[in-house]
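Shown next as structure tokens: one chain only, the form predicted alone.
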């Protein structure tokens, strides 16, 4: 690990001024659970580290009836998982938070850091000069790709590792991002980028830009939501496939819904076809089986991960069935 200079700014403006023009110059420290590993593995070697935890007011949760939810980017995952209003009104977010890593990591990790974490691909994290590290090859294409993406990949085939991002996309959240002395609002669907647009980064943040908070609108009283995750280990593991769903009912039929997949793409994957078909659907096993035929129709699995397709469809059917029962 290289030596670096450690800064503790007291304001967002001061923090922004500490960043250079390159990711190699300066990096932000939130919970640090991902950054420490990246630095130990020589993936990140910044000259300066800016500790965002010293900034006031970014670790608060506030809920206002009629206005919705606001979560500071430095709020711990554990705090989100246990918050009464989130559990009552946004269960998909609480359920996703409860399945992040282990209790120890949830106590330290932040929601801002969770959605901005780097890929867990073993080629990216290992001693391989892959595309995402400036090389000219994605080793997953002809290598071990059991856990890599089945859709949205190319030329790089990572999957996005965040549980929270999947739930936030299902909730159609908005992010406040500090940039150049002022705040801007970014829809979370526009925050993540696929490798075809930028093979080196996973989101739109430029050097010096900081996620300040996450905002979620008030949900209709007839809305239900949930999150389900399949992982090979019970704790401290990332999703092989996960599903978040937010569904609004209208009598016996569904008025609308948003379904998002994790573990299948380089970004949280909004399943547009399934979400569209939920409008007006009368839930039944037959009808759910029918709409699942349209899920992931554009998928292009690699040699070892085609199993993710039926797994994703079964998890979607199970979650939607539970929410509409």
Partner chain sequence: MPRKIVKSKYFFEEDFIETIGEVSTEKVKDWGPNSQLKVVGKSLSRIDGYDKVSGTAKFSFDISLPNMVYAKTLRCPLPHAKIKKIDISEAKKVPGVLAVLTYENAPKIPWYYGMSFLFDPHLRYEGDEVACIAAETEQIAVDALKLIHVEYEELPFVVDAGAAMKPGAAKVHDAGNVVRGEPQIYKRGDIEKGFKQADVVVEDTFSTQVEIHNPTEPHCSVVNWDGSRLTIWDSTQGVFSVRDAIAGYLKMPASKVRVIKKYMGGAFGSKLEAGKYTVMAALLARETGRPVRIALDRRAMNLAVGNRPGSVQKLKVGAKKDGTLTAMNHYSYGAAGAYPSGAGCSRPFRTLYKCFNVRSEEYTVFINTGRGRPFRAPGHVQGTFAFESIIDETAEKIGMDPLAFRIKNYAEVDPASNRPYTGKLLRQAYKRGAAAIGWQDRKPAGSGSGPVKTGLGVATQIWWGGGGPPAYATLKLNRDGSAHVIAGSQDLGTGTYTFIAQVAAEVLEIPMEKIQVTLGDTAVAPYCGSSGGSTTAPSVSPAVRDAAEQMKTKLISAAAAVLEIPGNQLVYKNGIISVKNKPDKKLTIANIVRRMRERVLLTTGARNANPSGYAINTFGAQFARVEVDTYTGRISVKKIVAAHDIGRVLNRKTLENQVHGGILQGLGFALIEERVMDEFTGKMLNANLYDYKMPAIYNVPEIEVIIVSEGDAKISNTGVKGIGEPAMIPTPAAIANAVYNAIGVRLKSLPITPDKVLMALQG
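Here the structure is a predicted model, which is why all the values come from computation and not from measurement. Positions refer to the first chain, counted from 1.
Below, we refer to the form predicted together with the partner chain, which is not included among the displayed structures.
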Interface segment, criterion being heavy atoms within 4.5 Å of the partner chain in the predicted complex, picked from 110 to 118, 177 to 185, 164 to 172, 144 to 152: 144 to 152
Contact residue in the predicted complex, chosen from 196, 85, 190, 232 - any heavy atom within 4.5 Å of the partner chain: 232
4.5 angstroms heavy atom contact with the partner chain in the predicted complex for residue 13: no
4.5 Å heavy atom contact, residue 18 to the partner chain in the predicted complex: no
Residue 127 within 4.5 Å of the partner chain in the predicted complex, heavy atoms: yes
Close approach of residue 306 to the partner chain in the predicted complex, 4.5 Å, heavy atom: yes
Residues in 38 to 56 close to the partner chain in the predicted complex, defined by a heavy atom within 4.5 Å, in order: 42
